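A single chain, nothing else alongside it, follows as structure tokens in the form predicted on its own.
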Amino acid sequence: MQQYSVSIDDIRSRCRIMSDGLDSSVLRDKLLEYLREDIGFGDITTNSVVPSDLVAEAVITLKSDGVVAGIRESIYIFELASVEIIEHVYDGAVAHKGQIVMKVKGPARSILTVERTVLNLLMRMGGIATLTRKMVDEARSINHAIKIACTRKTTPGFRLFEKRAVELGGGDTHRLRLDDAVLIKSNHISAAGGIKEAVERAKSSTSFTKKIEVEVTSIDEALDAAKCGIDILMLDNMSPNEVEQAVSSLSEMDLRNRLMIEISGGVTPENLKSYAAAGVDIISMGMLTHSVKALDINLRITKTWIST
């Protein structure tokens, strides 16, 4: 009889021969970190209860409607654990309660050992993708060209997957890291001595390939920042009416079409459409990642047999 089990060392060794580029390498390292965190020195419950030569089929099923995200990551984890993927839906697909999103076959011990890591990814990423898709659809019912973006208010160590989930939901990832673009916020302005001073320093010390964005909290600040020749203007914590006034003032001074306008702060599902109608280009919402409800998903073993 063939003996089946999975350990973190087994998974690590398979990772070394599965890398197919930078993206795969980053994915590998992150998923190994999550597996290492959960498995520790081994799944003592599964290894003591489940026969080593038991093979199983299992299905992952949605218990609520939503946008599926995390399939790529789940496939990677299962394959590292020598579990075969029989069928699956694709990331970004809209699925319904009771729908099977993945079916797998392999060592029962392996399936049970990686089950929670797989479900955590699918549940968290699916919740983010689902909320993002809802916000995108609602905003674009008012303004078909508007972008819904997330922020850097992400879970430490999980940003790569949360940002990917936003993208799968139809949203924009905004800055992935601090080195993506210059975003001058209120504290930067205070430390630099003013908007003009902050922008001038950014322009003189940052590559021309990096966009410069400035956060402002009033119409006067918006006009001052726009006159500095920035790429993106962020209107922070301003009401829909204030945003409309700011856009109008920028248009009157022939500044509106020289930059993109983003709004952030205080945007909720209840007032989203009002902001979408205010004439801006981007709406960023921290709640897409910091306050999202996970999708309800489970894994169930449907068939078992002893390997021969």
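Residue numbers here begin at 1 and follow the sequence given. Worth saying up front: this structure is predicted, and the values here are computed from it rather than measured.
What follows is about the form predicted together with a further copy of the same chain, which we do not show.
Contact check for Arg133: every heavy atom lies farther than 4.5 Å from a further copy of the same chain in the predicted bound form. A residue is said to contact a partner when one of its heavy atoms sits within 4.5 Å of a partner heavy atom; Lys30 meets this definition for a further copy of the same chain in the predicted bound form.
At a distance threshold of 4.5 angstroms between non-hydrogen atoms, Val114 is in contact with a further copy of the same chain in the predicted bound form.
When contacts are judged by a 4.5 Å heavy atom cut-off, Gly42 counts as touching a further copy of the same chain in the predicted bound form.
With the partner removed from view, the residue among Leu235, Val104, Leu80, Ala226 that has a non-hydrogen atom within 4.5 Å of a further copy of the same chain in the predicted bound form turns out to be Leu80. Proximity to a further copy of the same chain in the predicted bound form holds for none of Asn241, Thr268 and Ala277, with the criterion being a heavy atom within 4.5 Å. If you take 113 to 148 and check each residue for a heavy atom within 4.5 Å of a further copy of the same chain in the predicted bound form, you get Thr113, Val114, Arg116, Asn120, Leu121, Met123, Arg124, Lys147, in sequence order.
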